[in-house]
Structure formats: structure tokens, C-alpha cells
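Next up: a single chain in C-alpha cells, the form predicted alone.
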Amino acid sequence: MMMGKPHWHVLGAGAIGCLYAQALQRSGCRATLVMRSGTPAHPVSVIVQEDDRRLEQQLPTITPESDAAISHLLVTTKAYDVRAAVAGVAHLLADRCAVLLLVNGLGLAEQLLQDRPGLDVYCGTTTEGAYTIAAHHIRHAGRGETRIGQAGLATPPGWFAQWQRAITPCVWDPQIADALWSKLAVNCVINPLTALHRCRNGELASRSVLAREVDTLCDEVARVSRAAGYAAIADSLPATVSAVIAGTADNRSSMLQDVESGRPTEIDYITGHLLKVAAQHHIAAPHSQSLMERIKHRAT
């Protein structure tokens, strides 16, 4: 067992990556940002603003060209970048490197283990709200809960105690698959609809036409969820989606932001994953299929 506090390298220096890197560093744990290849490797100042507080922390950086040894890797990139980003630092990863995926969508852990069976992969989900103001300068817009787990592992690894000190609240979840599916199901309803209609989350409830689309999509996602073994999540999905819409009424979903910025979306790892599961269980999901096609072929 590794002694002392682990050194976390953070792959993905966006809002969530910077938020967690700073929190880990402030808790006494070493945290280093992994920058893009060719970027000058020098310390950066990470600023987190929350209400009237402004927390600034110097964090070291490395690039894939360094000779660093990575024992613990937090991945917070976009879903479509995960596989290539991890491959880019594969030569730096220690044997049995702990890799924590804190990204949208599902199916990525399986891809990484297929690429590199020696990795020790964990998955997480969070309701923390954060967005980027400028490079390495973020607004912590809302506190939430972070859940981490690994399939079949009831007892958390030693490094998790440091996460509990750094992130509050942070929960070890032996049933992390349920939490990940619940988030996926909600995202399959809210994200593509807001991206397609270019609206904030709250409009999905306030505009009657969109509210009917939400109901239709909830029914479809619930059918797939039930077939996949998530009956409780399926039963509560309409209420869960309604609560998320109400609680994030002013938010612009990440998929909407990607569409507005002309960036690729994570639709393949959200709705796309749902459709793969639907096909495995021979369930038609025409509304989700249509949404995915319209998002992928939207006019730019």
C-alpha cells in the first residue's frame, strides 16, 4: 500500500478540473495540472470565485513530454477527449495507476480498460456547479455532492480519505453504477432538448411544447432504464428531471454551450450510450434517436 498522501495529476484543466485540483492542493495533497503537448510547463495561478470569496492557488504543471511518474490521475476532459488524452500520457502512468473518471456519459471506463487492462479505474459523478471565466479562473456557482466508486468494491481505497477532506461532501458509493445511470438518464432528457431548442433549462418546464417533449422523452428513457435493470430510477425519472429543471432553471446545459460555441458535443456518450443499451434490449427509442441525429447534423 502506498504510504503518505497521493500526488494527483489532473487531466483537463477546465472548470471542474481546476476546482478539484485547487481543493486537493489546499487540503495538503499534491496536485499537478497536465497541460497540452507543447505548452510551456510552468506554475499557473488557479482562481476560484465563490460568492464574496476569491481563492487563488499556484499549481505546478507538466506536459506529456515530461518525465513525471503519474500514480493517481483525475480525468475531467470532455467525454470525446478521454481516450486520446489518457493515451497521450500513457507512458507516464505507473503500474496499477488509479484513474478517476469525472466526466459526462458512460462507456468510457470500459474503453480505457480495453486499451490498458492494468489501470485501476474508478468512476465519479458530481453536482458541483462551476464554469470558466477565463483560463484557470472559474466561478464556483453552486455546491453539490461528489460520489465516487468502483464496480464490486465495497470499501474505498486509501486515497479516498484525502478526497473526503478536500471535497465536502464526498461519498464512497458501492452502487456507483446506479448514480451514473441516474445522471445519464437526466442528461438524456435535458441536454439534447436544450441544445436543440437553444434554451435554458427552465424553459423545458415553462414552455408547454417543450414540456410535452420532456414527458415523451422521460417515458422513453424510463423504458430503457427499466430494461437495463434500473427500475427505481425509471419510476422516479419524471420527478427527478422536473426537480433538476427547477433547481437549474437559469442554467445553460453543457451541450447547449458546446452547440453555441461550435464545439463537438458529448451526445455520443450520453444519448448514444442510451441507444446502445436500448438496442441490446431490443427497445425502440425513436425520440432519442431523432434528437441525436438532429444534434449531430445541426446547422453550424
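Position 1 is the first residue in the sequence shown; the rest follow in order. All values derive from a computational prediction rather than experimental measurement.
The following text describes the form predicted together with a small molecule, which does not appear among the structures shown.
Student: Within 4.5 Å of the small molecule in the predicted bound form, heavy atoms considered, which of T146, S225, T76, N187?
Tutor: Checked against the cut-off, the match is N187.
Student: Please identify the residue among T240, T39, T61, N251 with any heavy atom within 4.5 Å of the small molecule in the predicted bound form.
Tutor: Filtering the options by heavy-atom distance leaves N251.
Student: Does the 4.5 Å heavy atom contact test between Q150 and the small molecule in the predicted bound form come out positive?
Tutor: No, Q150 sits far enough from the small molecule in the predicted bound form that none of its heavy atoms falls within 4.5 Å.
Student: Heavy atoms within 4.5 Å of the small molecule in the predicted bound form: does Q162 have any?
Tutor: Contact check for Q162: no, nothing within 4.5 Å of the small molecule in the predicted bound form.
Student: Would you please decide whether T132 lies within 4.5 angstroms of the small molecule in the predicted bound form, comparing each non-hydrogen atom pair?
Tutor: No.
Student: Going by a heavy atom distance of 4.5 Å, is L275 a contact of the small molecule in the predicted bound form?
Tutor: Residue-level check for L275: no, no contact with the small molecule.
Student: Looking at 83-91, 133-141, 190-198, 67-75, which one sits within 4.5 Å of the small molecule in the predicted bound form if you count heavy atoms only?
Tutor: Single hit among the candidates: 190-198.
Student: All three of N104, K183 and V244 touching the small molecule in the predicted bound form at 4.5 Å, heavy atom to heavy atom?
Tutor: Contact check passed for all of N104, K183 and V244.
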